[in-house]
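Given next, in structure tokens, is a single chain: the form predicted alone.
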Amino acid sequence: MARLKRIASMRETGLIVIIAILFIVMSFASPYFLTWVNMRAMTMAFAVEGIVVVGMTILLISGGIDLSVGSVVTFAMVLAGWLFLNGVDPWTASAITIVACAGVGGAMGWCVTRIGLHHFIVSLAFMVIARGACLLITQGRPLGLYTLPAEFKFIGQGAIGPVPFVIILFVVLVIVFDFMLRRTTIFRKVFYTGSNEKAAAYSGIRTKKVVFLSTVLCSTLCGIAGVIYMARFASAPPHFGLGMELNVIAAAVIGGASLNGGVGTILGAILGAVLLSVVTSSLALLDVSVYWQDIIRGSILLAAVSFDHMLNKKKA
């Protein structure tokens, strides 16, 4: 009985109930909602972005935040695409790009841990820098990558049976990182650092290293997501990913990650991403104006942050 009460009180359980209710309501509101085409489109919409959500969640738990994720994802698309167009095979171009994105995360982490700047300001600066780099490389024009080999496009467009390969990759990454965050000692240090960095440092945890590596991991996952997007669309538009950081942060916070650090789960964050995807799909099927959609998504983020703030006040 006690175990059932604990499960019922979990943030993830509440999200599952809300998502289930939305599914039931939308199944009556629109005959197209439960179709295979819509379910596939909805899943594809959050699968790649969900990879970024994983990185953001771990960073939030460590006490940081990254506003540059949308720009870094676009930078990955543009850099890999530019390398390919200049004669580098797509696999090597992708590897170079992912390492470069890890380097971006390393630069941000260095600014935070060595100089002592706040994650918010550093990531805001790198958001502008990465976006500027995209415009510089492309001269403001999308890169057409239609000559990408079919085996590379398979990453973003292929399927194993009826299931898109992107979704399989996404599920594997979620399972791996969720397990590591819950079970491994090295990732438990992320929680200790985010909960109380000074106390964690006194207990022997190298908190600066934890924050640095969390920042690098988030940017690396952005690089992976960018490569997948490039393979999926066979294009690299320099204006892609605008506003992605809001969706990613909203998903993580809705899923239980705290902006104050020390709290969160990968499963909860992914459920938050699923909820946002269901809401977006529902609004589109109900023919709600795209301008109202932004207002509604922003309101959901505000409500999630407010709820998180009230929970923290009660704990204090």
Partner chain sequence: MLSPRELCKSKVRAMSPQTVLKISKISKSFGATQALNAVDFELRTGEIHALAGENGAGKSTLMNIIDGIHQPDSGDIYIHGKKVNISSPAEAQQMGIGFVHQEIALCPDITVAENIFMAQTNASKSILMNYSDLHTKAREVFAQLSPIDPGTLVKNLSISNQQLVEIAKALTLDCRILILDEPTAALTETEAQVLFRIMKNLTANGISIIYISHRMVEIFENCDRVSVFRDGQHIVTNDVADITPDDVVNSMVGRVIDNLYPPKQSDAEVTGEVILKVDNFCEASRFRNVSFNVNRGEILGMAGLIGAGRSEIAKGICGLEGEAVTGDLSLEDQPMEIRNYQDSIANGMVYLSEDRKGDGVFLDLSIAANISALSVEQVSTNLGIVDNAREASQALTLGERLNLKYGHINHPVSSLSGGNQQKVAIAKMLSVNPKVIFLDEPTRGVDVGAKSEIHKILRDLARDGVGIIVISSELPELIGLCDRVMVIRDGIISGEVDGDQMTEENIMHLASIAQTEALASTRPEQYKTGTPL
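Residue numbers count along the first chain shown, from 1. Computed from a prediction, not measured in an experiment: that's the story for all the values here.
Heads up, the form predicted in complex with its partner chain isn't pictured, but that's what we're talking about next.
Just one listed stretch, out of 126-134, 184-192, 158-166, 145-153, contacts its partner chain in the predicted complex at the 4.5 Å heavy atom level, and that stretch is 184-192.
In the predicted complex, its partner chain sits within 4.5 Å of a heavy atom belonging to Arg206. The closest non-hydrogen atom of Thr92 lies beyond 4.5 Å of its partner chain in the predicted complex. None of the heavy atoms of Phe120 is located within 4.5 Å of its partner chain in the predicted complex. None of the heavy atoms of Val174 is located within 4.5 Å of its partner chain in the predicted complex. With the partner omitted here, the residue from Ala201, Leu242, Val99, Leu85 that has a non-hydrogen atom within 4.5 angstroms of its partner chain in the predicted complex is Ala201. For the candidate set Leu67, Leu283, Ala45, Val263, a heavy atom within 4.5 Å of its partner chain in the predicted complex is found for exactly one residue, namely Val263.
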